[in-house]
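To begin, one chain is listed below as structure tokens, in the form predicted alone.
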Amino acid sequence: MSACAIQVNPLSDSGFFAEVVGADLRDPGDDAQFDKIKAAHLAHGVIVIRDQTMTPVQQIAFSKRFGPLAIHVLEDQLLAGHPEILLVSNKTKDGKYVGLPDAGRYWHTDQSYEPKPALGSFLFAKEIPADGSGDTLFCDMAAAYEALSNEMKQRLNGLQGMHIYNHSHKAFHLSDAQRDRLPGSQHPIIRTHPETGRKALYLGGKILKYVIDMDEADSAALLDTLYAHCMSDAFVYRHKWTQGDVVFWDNRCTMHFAQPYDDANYTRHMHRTTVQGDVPV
């Protein structure tokens, strides 16, 4: 499909979040299409690419155009034969979940606990709840930073946060070996986007444990203040999924929060590929 047939439609007044219509991600070698999608991703922070029918091989191939793919530490929740794909799913096999049934049920940015956190994540909706539930909230962390007072920006300048992945999931928890592989990483509270140059708040929900070299109570109070600021309606967009959606978000300048759904009665099954990023600065 010609890239000239692709339309990019902003879905919020601020320009945060846009839909891409007319793309076909089954063709990773289409340079014009790739350039248009990359430009939209950088311009809007989060994009939803509509009406996709990719195989796992095709999703992996297109995702790799943006850089090396990260392999998630949760080996049992990866797609058999395709470890680049993390299953976000409440499907079961032999009495066990095949993927993460409760992935991202808190504000976070993907794999912030790694020395080189995720650049971006592609989440492909293969099955969604029939009642339309299971939305995902996205937060524009660049706009949230820019709206801070000068005094708060000065206070945050140079501060580092400690990110550690050590919490349990529904029906399973990290093994000791997995915890040993994830000692955590410290990253700046304000990071500069390596491609756009915009500054953004870099927070991680329950993964961001504390602000380094700050009293525990003061750290908690500061983070609470920042989260309250970011959760303003001015910075948050709610995405309602449609089967065939591929949502591609920029982890360097956004956070997201998967909303709960009736997983006893409905299926939500998605494939996620994650592009490795660089060291935040």
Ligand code: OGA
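A quick note: this is a predicted structure, and the numbers were derived from the prediction, not measured. Start at 1 and count along the sequence shown; that's the residue number.
Not pictured, yet referred to below: the form predicted together with this ligand.
J.: Using a 4.5 Å heavy atom cut-off, which of 107-115, 75-83, 141-149, 190-198 contacts this ligand in the predicted complex?
T.: Of the stretches listed, the one contacting the partner is 107-115.
J.: Answer yes if any heavy atom of H256 is within 4.5 Å of a heavy atom of this ligand in the predicted complex; otherwise answer no.
T.: Because a heavy atom of H256 falls inside 4.5 Å of this ligand in the predicted complex, the answer is yes.
J.: Find out whether any non-hydrogen atom of V88 is located within 4.5 angstroms of this ligand in the predicted complex, and reply yes or no.
T.: Output for V88 is yes: heavy atoms within 4.5 Å of this ligand.
J.: Does any part of L123 reach within 4.5 Å of this ligand in the predicted complex? Heavy atoms only, please.
T.: Although this ligand is absent here, L123 would touch it in the predicted complex, with heavy atoms inside 4.5 Å.
J.: Give a yes/no on whether S185 approaches this ligand to within 4.5 Å in the predicted complex, heavy atoms considered.
T.: S185 lies outside the contact set for this ligand.
J.: Of these, L203, A103, V211, V98, which has a heavy atom no more than 4.5 Å from this ligand in the predicted complex?
T.: Selected option: A103.
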